[in-house]
Structure formats: C-alpha cells, structure tokens
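In the block that follows, a single chain appears as structure tokens, in the form predicted on its own.
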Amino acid sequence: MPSALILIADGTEEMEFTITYDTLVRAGVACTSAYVSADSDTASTTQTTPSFAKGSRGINILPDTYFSPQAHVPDNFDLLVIPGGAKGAETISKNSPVQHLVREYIKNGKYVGMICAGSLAALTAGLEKQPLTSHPSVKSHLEKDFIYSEQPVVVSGRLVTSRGPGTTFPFALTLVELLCGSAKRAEVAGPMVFPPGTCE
C-alpha cells in the first residue's frame, strides 16, 4: 500500500489539506498528517499528539502527529505533500528540516506535492530550475528561479505542483495516478461525479 505524509500548520488552507488527504485515502493510500509548529523547537514538547491546527478559514483540524525529521523520512513514505494557505505555507517552507526532507524525497525517487503557496517550499529547499506552478500571489517569488506555468497541475519528474483550492481535485487525482495508476484514478474520480471536463 502506498503511503503519504501530509504536512499541516496553523494557517494551512483547509480545502487543499482535506481534499488531498480524502482523495488519497479513497485510493487506498495510507495517509499521515504531521503538524509543523511555527516554533521550530517542536522536539521540546512533552505531548505526543498535537492540538488542533487552525486553518486559514478558522476550521480546526486535528493532525495525527507532530512533524519529526527522524520519523518522516523518505524510507517511510512514498509521497510528501505541502498544502498552501499563506501563513501555513510560510511556516512549513521556512522550516529547515522540511527543506532538507523535500530534497531527500526527490533524491530518493519519492514524490513531493506542493499546492498554492506551498510551492514556496521548492524555492526554500533550493530545488533545481524546473517547471512548476503556484497560487498567483506567490508567482513573483518563483518565476525567476523556475520555469513558471499557469497550468492547473504541473508534473516535473518527482515534483508535482498546483495552483490553489480550485485545482485541488485534479492535483490530488494526479497524485493518485502517480502512486496507484490511471485505472485507480478513474475508479476514485467516478463516484465523485465531477462535471464533464473538470478533472480530466
């Protein structure tokens, strides 16, 4: 069974987190959500389970665990997902252990998915120049260092990027296809009953 690590922080965009998580689960992917604290010294906490992450629209989401650079290595997951939401994406993309793991996942042939402002992690991790996309609000931060695209979903080797809440379903389904194949993508998408042409 493929597995995915989905990061979350205070200010993460709820749709990008929940739709991606839900769609992957529907495909049989084992998902783990990990809370990235704005306080980088999360190792000092005595709690094993984080409190609620407050999303960008004020919705509380309970992550499965704290983010751990030691536990969440590419040996343990097939996919790393970084959602957007301005505040959450800033917290996640500026976290140096996350930056290191982004590079390690790519280096080890695992997939990394970034959506919306989450694509800033490609910059802070120092990934090589390649095609990507993001929310328009952070385009100016990325277009000098990457081959910027305005396609809904951009696949560049092991890096998968997308634009925002409205592109989350095609983003998540693309991740399903990469992990589980095109037949599984069609199987998952069918019961969701998308309007024709919206998630092809």
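In this text the structure is predicted, and so the values were computed from the model without any measurement. Counting begins at 1, following the sequence as shown.
Although it is not shown, the form predicted in complex with another copy of the chain is what the next lines describe.
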Non-hydrogen atom contact Ile61 with another copy of the chain in the predicted bound form at 4.5 angstroms: yes
In the predicted bound form, Phe67 touching another copy of the chain (heavy atom, 4.5 Å): no
4.5 Å heavy atom contact, Gly28 and another copy of the chain in the predicted bound form: no
Distance check, Arg57 to another copy of the chain in the predicted bound form, heavy atom within 4.5 Å: yes
Heavy atom contacts to another copy of the chain in the predicted bound form at 4.5 Å, residues of 179-195 in sequence order: Pro191, Met192, Val193, Phe194, Pro195
